[in-house]
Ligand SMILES: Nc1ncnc2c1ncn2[C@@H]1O[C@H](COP(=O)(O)OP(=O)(O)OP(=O)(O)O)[C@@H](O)[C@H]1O
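Form predicted alone, single chain, as structure tokens, below.
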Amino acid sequence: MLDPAQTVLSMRGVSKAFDDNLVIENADLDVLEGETLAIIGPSGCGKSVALRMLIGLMWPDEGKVFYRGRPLDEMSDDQLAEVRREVSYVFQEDALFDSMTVLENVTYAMVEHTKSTDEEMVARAWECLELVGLGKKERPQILEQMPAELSGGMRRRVSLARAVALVPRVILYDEPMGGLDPANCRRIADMVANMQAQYDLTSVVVTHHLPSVWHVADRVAMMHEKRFHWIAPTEEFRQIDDPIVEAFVSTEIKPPEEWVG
């Protein structure tokens, strides 16, 4: 349930440069409890950099990033580790461990952070894989398979299963539909929406795939000139009367009728 009174993640006055290339400048952003926020914008505009800074995988050169009102850069290592147990990150290109089986990939965080038995971990792995359409009926041997044996879409689905293994409070998705065909884009978007509903999550989705944005997002933040220039509820965003927004949206594939809702 969206709670505008509760800010989960935020950045204030954040700037980030790589050598002489200023990528983000004086950016502000709030992520609200229970929402799915989509971050969009042209390639190379800093979307993924902003996402990584929200969880401390990168640090701003200036400004502050907060988790539930607490600045990340003032946390101890233990406090930051606790935040990262609550916030799951789905990387571009799925980032599965190629030397591990699907079971080992999905339960990796459970091994690191819980005292679950082998039986409990196997049961939880099946629960998570069922959620992404890779349960026992669909893929009875999948726990023993290696990532190299899976298609790109299946690897992405396994990465989503891994993301919810510890029942996070927040999930950050970095281009979850990147490189997938339209059918798999729709499948992943549906799974993002289903996980949001089932676990009452707060989610941030960086994506170029606008049909998925219209399908899953409560609000949209568009990066322009190194900051979040437009932030609005999804339907309001689609009606923004600005040539830059209109030009960006018009270059993308229009959402099929069944995706709009």
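Numbering starts at 1 and follows the sequence shown. The structure presented is a predicted model; accordingly, all values stated were derived computationally and were not measured.
Same protein, other form: the form predicted in complex with this ligand, not shown, and the subject of what follows.
Heavy atoms of Asn21 reach within 4.5 Å of this ligand in the model of the complex, making it an interface residue. When this ligand is considered in the model of the complex, His209 lies well away from it, no heavy atom lying within 4.5 Å.
Using a 4.5 Å cutoff between non-hydrogen atoms, Gln196 does not count as a contact of this ligand in the model of the complex. Residue contact with this ligand in the model of the complex: Gly46 places a heavy atom within 4.5 Å of it. Judged against this ligand in the model of the complex with a 4.5 angstroms heavy atom cut-off, the residues Gln6, Glu33 and Ile231 are out of contact without exception. Only one listed stretch (231-239, 65-73, 48-56, 212-220) carries heavy atoms within 4.5 Å of this ligand in the model of the complex, and that stretch is 48-56.
Interface residue among Asn184, Thr114, Gln92, Gln79 relative to this ligand in the model of the complex, by the heavy atom within 4.5 Å criterion: Gln92.
Applying a 4.5 Å heavy atom cutoff to this ligand in the model of the complex picks out Glu175 as the lone residue from 158-191.
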